[in-house]
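Given as structure tokens, the chain that follows is alone and in the form predicted on its own.
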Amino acid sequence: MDTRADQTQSRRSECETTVATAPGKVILFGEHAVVYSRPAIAVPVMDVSARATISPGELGGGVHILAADLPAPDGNPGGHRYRLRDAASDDPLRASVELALDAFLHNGSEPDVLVTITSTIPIARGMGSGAAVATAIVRAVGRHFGHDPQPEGISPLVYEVEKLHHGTPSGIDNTVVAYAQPVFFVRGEGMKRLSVGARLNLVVADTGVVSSTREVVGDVRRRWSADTERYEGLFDEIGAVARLAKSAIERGDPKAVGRLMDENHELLMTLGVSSPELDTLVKAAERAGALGAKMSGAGWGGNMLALVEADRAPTVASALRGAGAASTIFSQIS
């Protein structure tokens, strides 16, 4: 699209409203090892999502961002609203908008629009909140200015935003969220669509403990640097479990998937990224009849997963809440 066409599209789009969404995600297998080029499996959680709305802004005001779920600096309700140009350079919302504008609006101008962000994805719980918000923004901006952004174009832009959140991201969050489908992922090799042979029923339980992916990943890297041989061995074992899980998922064997989840959790405990709260919930799920259970994401808090037979989901969810889970989500993967 040439500059004149871009300007025409920009003026027309500033009078319209565009909405886009993106799902949450959980890692089924391979967290942490995926940073070191071992395979991982991740799936979208469609039951929670981020939403970006692009609507007309004040004439001459440029881009404004409204983080509707965050409190305003003065404490007033209604969300935190600020101008794009006033945001810190490392603000992930600013980065998401600017990357999208650079990709889809080629005239170098700043349009007069309001970008409103809402999300039902728990923050800092390993469910890809940051990647989902960035994906929703990139998708909404692209559509607003006359493009039809595809996952293969969205994912690299979101990866740049992920660097602000996590420092050295593996690339799995932006991939599974942008594509919104189960993936088998190896860093540097890209993703492969994972075929699910039999529906997987997951109960996702929130410990209620906030966890910083950047801090946990950084701690693992320091320990890996101090004892590389030991940690490379652990990463190899985690990667091997992920490959076995891929086969079990594809052939539709939930019981085997559950056993491998238990094995993966034991390895993550050895890696030092679990927590008492996570271990308590894993044990509660197993006692309640789950096929398998494990922590998911960075660890030291956040979420855990229980694989269940569909009719056992309410019982397992109740047991998890009784064991201290702040909330539970039931999600089906197919």
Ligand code: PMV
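Keep in mind that what you see is a predicted model, and the values were worked out from it rather than measured. Start at 1 with the first residue shown and count on from there.
The same protein also has a form predicted together with this ligand, omitted here; what follows describes it.
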Q) What stretch, of 43-51, 57-65, 281-289, 296-304, brings heavy atoms to within 4.5 Å of this ligand in the predicted bound form? A) 296-304
Q: Report yes if any heavy atom of V35 sits within 4.5 Å of a heavy atom of this ligand in the predicted bound form; otherwise report no.
A: yes
Q: Evaluate G126 for contact with this ligand in the predicted bound form, applying a 4.5 angstroms cut-off between non-hydrogen atoms, and reply yes or no.
A: yes
Q. Is there a heavy atom of L200 lying 4.5 Å or less from a heavy atom of this ligand in the predicted bound form?
A. no
Q: Using the partner position in the predicted bound form, report whether T213 sits within 4.5 Å of this ligand, counting heavy atoms only.
A: yes
Q: Note which of P182, P169, G142, G258 lies within 4.5 Å of this ligand in the predicted bound form, where distance is taken over heavy atoms; exactly one does.
A: P169
Q: Sort through V217, L114, V209, I121 and report the residue having a heavy atom within 4.5 Å of this ligand in the predicted bound form.
A: V217
